[in-house]
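Read the single chain below, which is given as structure tokens and is the form predicted alone.
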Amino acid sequence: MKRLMTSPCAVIAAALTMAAAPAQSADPIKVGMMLPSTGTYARLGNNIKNGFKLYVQEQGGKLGGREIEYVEVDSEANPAKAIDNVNKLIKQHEVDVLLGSVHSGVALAMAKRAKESGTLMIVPNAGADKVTGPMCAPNIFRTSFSNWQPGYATGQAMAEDGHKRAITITWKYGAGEEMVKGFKASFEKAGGKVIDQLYVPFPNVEFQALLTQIAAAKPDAVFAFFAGGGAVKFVKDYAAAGLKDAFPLYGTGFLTDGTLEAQGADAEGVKTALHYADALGTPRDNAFREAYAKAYGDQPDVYAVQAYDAAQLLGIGLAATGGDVHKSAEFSAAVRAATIDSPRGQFTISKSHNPIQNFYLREVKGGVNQVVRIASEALEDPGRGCRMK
């Protein structure tokens, strides 16, 4: 703590300095939202914006005593444009906080620039393991999951259901490969065997040739990761190919989150593991769902929840630092000491700044992701490669 200045000159100098500089709390905090507003992930990006803004609105438009202002950039889910887009937010718009993204490749580029610039970054979806692994930093946080987590939980659930031989199918990019890695680790640990791993170039949605391979291989069950429009197409094609009743379909929750209306009856019976479900039935979740529906005329999904909690995390950190986003150590300490009261259930933040949380096994029944059981309790990502203390 600094000692009080007692000399008249020092007091006058301090007074003049304070008069010349406006109080920090008078300036709004700029949140740079780098999310997809076009393409296969557009709906996901929209729900993230809604969830984040809902929490801020509930706090009267302020977090840590400071107004929140938004700057939005379409990420296009395109890693090739990510550096230019994030630089636009940091250098041109001078944002205080980066919020993004959905695509793992985009999030990695954002995290690189956040780490270099010291800009506070909160990831409300992208699960790239490296973000809270080798690229971890005091100013980078995630309120969603690591790709390893839902994959690992799904493998546990499939094995517990008695399946022994599985095929995996996903897009050939970081998120898909990391989720398959997590799935394989837990499924084979429990005595199962992955007999084949099938990949589709991102964002290709032509699945027929691979569905034929699945039919010929006759696995006990299939593990899939797709999201957004790709998830809709895959689930419908899987059912149309006659595979749904022959080989039970499992996946990470993104396969059926935010997509059930479009998938219709084809999604019935699909089992997924995720840190949220449509019918948790807790008072906290019920209140959130009611508020979201009132604000946006739609039901929330996991993307909205993750963003709602991103705003909660920002509020916790700002409250501890008096609204100063540059006090990384104090911000980090406050967040790591907190228990976040999320609609998904309470969770904490790990040393690598990733959620430690329950994962639910859900089954689609009547167009809703109904909870079957907890697939993995208080699952913590190992944070491999993170050197942050």
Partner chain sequence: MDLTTFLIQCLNALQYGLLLFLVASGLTLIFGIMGVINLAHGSFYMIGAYMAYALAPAIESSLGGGFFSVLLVGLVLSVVIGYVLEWAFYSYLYDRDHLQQVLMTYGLILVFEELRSLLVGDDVYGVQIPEILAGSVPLSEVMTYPVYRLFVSALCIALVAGMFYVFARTRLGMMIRAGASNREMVQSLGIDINFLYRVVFAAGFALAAFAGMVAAPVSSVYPGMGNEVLIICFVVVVIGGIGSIQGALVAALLIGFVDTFGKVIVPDAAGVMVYLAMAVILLWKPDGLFKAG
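It should be emphasised that the depicted structure is a prediction, and the values quoted were computed from it without experimental measurement. By rigid core we mean the largest C-alpha set that fits within 1.5 Å across both forms. Positions refer to the first chain, counted from 1.
Omitted from view is the form predicted together with its partner chain, to which the following refers.
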query	finding
Residue among 338, 320, 54, 42 with a heavy atom within 4.5 Å of its partner chain in the model of the complex	42
The single option of 269, 134, 242, 118 touching its partner chain in the model of the complex, heavy atom within 4.5 Å	242
Partner-facing stretch of 213-221, 281-289, 248-256, 93-101, counted where any non-hydrogen atom is within 4.5 angstroms of its partner chain in the model of the complex	213-221
Its partner chain contact in the model of the complex: residue 348, any heavy atom under 4.5 Å	no
Partner contact for residue 84 in the model of the complex: its partner chain, 4.5 angstroms, heavy atom	no
In the model of the complex, residue 203 touching its partner chain (heavy atom, 4.5 Å)	yes
4.5 Å heavy atom contact, residue 138 and its partner chain in the model of the complex	no
Contact at 153, 370 and 380 by its partner chain in the model of the complex, all three, heavy atom at most 4.5 Å	no
Stretch 145-175: residues contacting its partner chain in the model of the complex, 4.5 Å heavy atom cut-off	172
Threshold 2 Å Cα movement between the shown form and the other one at residue 288, rigid core reference	no
Per-residue C-alpha change between the shown form and the other one, residue 232, threshold 2 Å, rigid core fit	yes
C-alpha of residue 278 off by 2 Å or more between the shown form and the other one on rigid core	no
